[in-house]
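Shown below, as structure tokens, is a lone chain in the form predicted on its own; questions about how it binds or moves come after it.
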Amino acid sequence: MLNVQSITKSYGKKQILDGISFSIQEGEIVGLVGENGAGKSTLLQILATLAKPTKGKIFLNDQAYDEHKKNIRKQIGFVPQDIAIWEEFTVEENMAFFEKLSWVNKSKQQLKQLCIDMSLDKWKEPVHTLSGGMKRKLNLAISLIHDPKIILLDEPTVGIDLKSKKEIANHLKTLATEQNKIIIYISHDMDEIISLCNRILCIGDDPFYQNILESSGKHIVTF
């Protein structure tokens, strides 16, 4: 279980997050929504151990983030909004490169299977020849090389076609239900959030999000 307790984040006098608390069980996909500047990406970076909270504590299966950072970082897969792959490499070369940076060893067939599971079959093609949806799938496949317990996704389907969105969503559901992954998903696409996520966390009280979410039938927590 991921347990977030009273997380506050400030940059100088500017407070970004104010006392946010929630918990997520294994096998859940939780949506994170809110207007631009609400602090969604900041919270995701804190959960990914890329930023420190000003106040508050986070626990993963009773291990405190600040006391077991190295071990917890090995259990996190983070997919930033900006695609972070080598354009001049093939899909195969990208997977092999990031496997070398990982703390687990995977065979070429295991790496290829991660891509196949994502409906990404362009194994030998240079990345710069791929569609935006294929690049997004590769970005996600790379984050799964070390078999993380937590998958953090910041707008992973922005700007891609509907078919790729659905394929990514279906695979995330499989990871949650069959492998008990904890998944936190940021998106401005409310239809995507409502169809994919078990629960929704909303930062801020923007009426736009409140009205849509209240009619969704989903369990919603507002900060």
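Each residue number is its position in the shown sequence, starting from 1. Note that the coordinates shown come from a computational prediction; the quantities given were computed from them, not determined experimentally.
Unshown form predicted in complex with a small molecule; subsequent notes refer to it.
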Report task. Using the partner position in the model of the complex, report whether K166 sits within 4.5 Å of the small molecule, counting heavy atoms only. Result -> no
Report task. Flag H188 as yes or no: does it have a non-hydrogen atom within 4.5 angstroms of any non-hydrogen atom of the small molecule in the model of the complex? Result -> yes
Query raised in the report: Are any of the heavy atoms in Y11 no more than 4.5 Å from a heavy atom of the small molecule in the model of the complex?
Result: yes
Query raised in the report: Heavy atom to heavy atom, is K181 within 4.5 Å of the small molecule in the model of the complex?
Result: no
Report task. Within 4.5 Å of the small molecule in the model of the complex, counting heavy atoms only, one of 157-165, 171-179, 54-62, 37-45 shows up; tell me which. Result -> 37-45
Report summary line: The one option of T90, Q81, Q75, S119 with any heavy atom within 4.5 Å of the small molecule in the model of the complex is Q81
